[in-house]
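Just one chain is shown here, as structure tokens, and it is the form predicted alone.
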Amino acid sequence: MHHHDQPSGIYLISPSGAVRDPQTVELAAQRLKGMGFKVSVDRSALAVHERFAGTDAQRLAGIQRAIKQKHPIVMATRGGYGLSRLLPHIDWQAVADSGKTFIGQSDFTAFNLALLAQTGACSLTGPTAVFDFGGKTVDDLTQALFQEMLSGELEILSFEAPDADAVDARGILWGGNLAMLASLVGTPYLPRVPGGILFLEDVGEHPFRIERMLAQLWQAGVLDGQQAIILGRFTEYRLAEHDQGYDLASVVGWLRRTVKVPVVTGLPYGHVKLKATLPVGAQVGIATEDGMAHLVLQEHHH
């Protein structure tokens, strides 16, 4: 997509939670510059109002500026909570018409999915500035996958999936954070993706909560008719004594018995250091064989 002789630009916005340490954004900007990107930070990216990165009006204005400014990539500094409030106030057609590549994760799932639901436009889920580029170290593979996705060089993402069902299918890739997706059920911001390839992750959610959200999606008719359900990382939860062996594996077993859709595990994506950058709303392929899964992102090169 981008020519290597002209470094691409990234505009950093904070549409959700407040940035706790401004130095992490500065470090992220330096790291991204070191990768060859030009970087601009939105003027309210470091604003604070209660737990949010500024008032609703400030955060909406940041999205407006992101649409109008010159850089082709717009990245969220972090997730948290806050986009749910803004969804009815965002001009989704203007976001789509800008032609910009929006990228974020976690709370940003609401933005990814609302954009797809309202306009059919693609966006990316993957690194956020603070979590992935503003810490002590940067994961080399996360960085490489991010750069390859942006340059259109990432053709196939292969990952170990020892516990995957057999599948060979094509469809629209969609999903993200499970709690955010469940929160959109019944709203105009949940995409309808028949025959889709749905991917999910979450953090700090006990397995029973993960199952409850999956049950909601199943009973809302969201899971039926999907080509595959791809599970990323579900991390940072604590089991209780009364779980008595009920854990994430139990949830996956329940999902398989309940929803007759192939389940693929092991996607490198979630609230973890190593994460792929994935296109929400793009046509992809998914195939499994011999304990491996292959997510086909580009059928051919231009």
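Numbers for residues come from their place in the sequence shown, where the first is 1. Predicted, not measured: the structure shown is a model, and the values here were computed from it.
Note that the form predicted in complex with another copy of the chain isn't included here; everything after this is about it.
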Scan Gln143, Ser151, Gln216, Thr119 and let me know which has any heavy atom within 4.5 Å of another copy of the chain in the predicted bound form.
Gln216
Find the only residue in Arg51, Arg43, Lys68, Lys260 having a heavy atom within 4.5 Å of another copy of the chain in the predicted bound form.
Arg51
Heavy atoms within 4.5 Å of another copy of the chain in the predicted bound form: which of the stretches 85-93, 127-135, 68-76, 225-233 has them?
85-93
With heavy atoms only and a cut-off of 4.5 Å, decide whether Gly186 touches another copy of the chain in the predicted bound form.
yes
Is Leu200 close enough to touch another copy of the chain in the predicted bound form, meaning at least one heavy atom pair within 4.5 Å?
no
Find out whether any non-hydrogen atom of Met180 is located within 4.5 angstroms of another copy of the chain in the predicted bound form, and reply yes or no.
yes
Taking 4.5 angstroms as the cut-off for heavy atoms, does Ile156 touch another copy of the chain in the predicted bound form?
no
